[in-house]
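Next comes just one chain, in structure tokens: the form predicted on its own.
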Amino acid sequence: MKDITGLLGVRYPIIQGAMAWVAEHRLAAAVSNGGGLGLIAGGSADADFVRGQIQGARALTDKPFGVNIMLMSPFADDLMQLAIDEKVRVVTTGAGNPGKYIEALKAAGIVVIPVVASAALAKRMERAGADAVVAEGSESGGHIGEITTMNLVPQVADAVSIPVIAAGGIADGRGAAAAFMLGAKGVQVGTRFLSATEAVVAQSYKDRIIAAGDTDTVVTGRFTGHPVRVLRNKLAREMLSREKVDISVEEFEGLMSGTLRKAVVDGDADYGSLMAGQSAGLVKKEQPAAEIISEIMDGMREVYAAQGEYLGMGAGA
């Protein structure tokens, strides 16, 4: 199995989460310059916008970075061709099966990494030719699956022979070390990078992340089949209340439309969708992306050293 750092062309096995409206070229370049893999989130943007983001990242870094393409986007075909034309290092995908694109992407030398929420989907992606998968647990922010990271990662690792990247609830060296012990070869970190200095996010949103405690996220929209984890605020409470009455999926999603932009761009901490993972309670300050990466790696080393000493003592007892 190829080492994930070699596969991605990076120094550290840390990938920045592709958060819509957050994962733009400045954050992606900062993460890549810090030794991780930065990602630009395609979201529902068109090819011209994403091309500008790719060019912006290249003006700020000569290190590899990637693009995340949501397969439900009406511009998915265009974005896949754009990734090929621009020769980006990595394409990650979400919200669907990228099977029909994989051959062309790999022929262009692009590393293909789908995000999966089950071992069954991971196996399908391996058969389709994916180079690795991101196993994303329900602790993550934004749209989530049903299986926790601690249970999902080892089952995916057992199911496939390609590298597994763990995501969901990972914000420091302890979480990263745990993911590796579960069988992951890398980690994807989202919520902690929301507080990065380079993240172009409204300060009110960053402040809410930093102030969050362990119970400050909730999941809305479970009845729609597309649940979303967010920080508690007036919008979340209203949506949870509306779910208890007879509201249609269409009406619910209509009420939620545009609320992420309202949080990220407009800074509305009351009625914006403050997407965040359960790891928000571990985020304590705003700091440069490179410093975040360094702290995670140092924390991993400390865990390994401490646990190695403990296990050695146990073996000799």
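All residue numbers are counted from 1 along the displayed sequence. What you are looking at is a predicted structure, and each value in this text was computed from that prediction instead of being measured.
As for the form predicted together with a small molecule, it is not shown, yet the points below apply to it.
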The small molecule contact at Met70 in the predicted complex, heavy atom, 4.5 Å | yes
Does the small molecule come within 4.5 Å of any heavy atom of His143 in the predicted complex?
-> yes
At the 4.5 Å heavy atom threshold, is Met275 in contact with the small molecule in the predicted complex?
-> yes
Give a yes/no on whether Ala199 approaches the small molecule to within 4.5 Å in the predicted complex, heavy atoms considered.
-> no
Want to guess which of 191-199, 243-251, 222-230, 168-176 is within 4.5 Å of the small molecule in the predicted complex, heavy atoms only?
-> 222-230
With the small molecule left out of view, choose which of Val218, Ala95, Ala128, Ile84 has a non-hydrogen atom within 4.5 angstroms of it in the predicted complex.
-> Ala95
Of the options Ala211, Leu121, Met150, Ala108, which one has a non-hydrogen atom that comes within 4.5 Å of the small molecule in the predicted complex?
-> Leu121
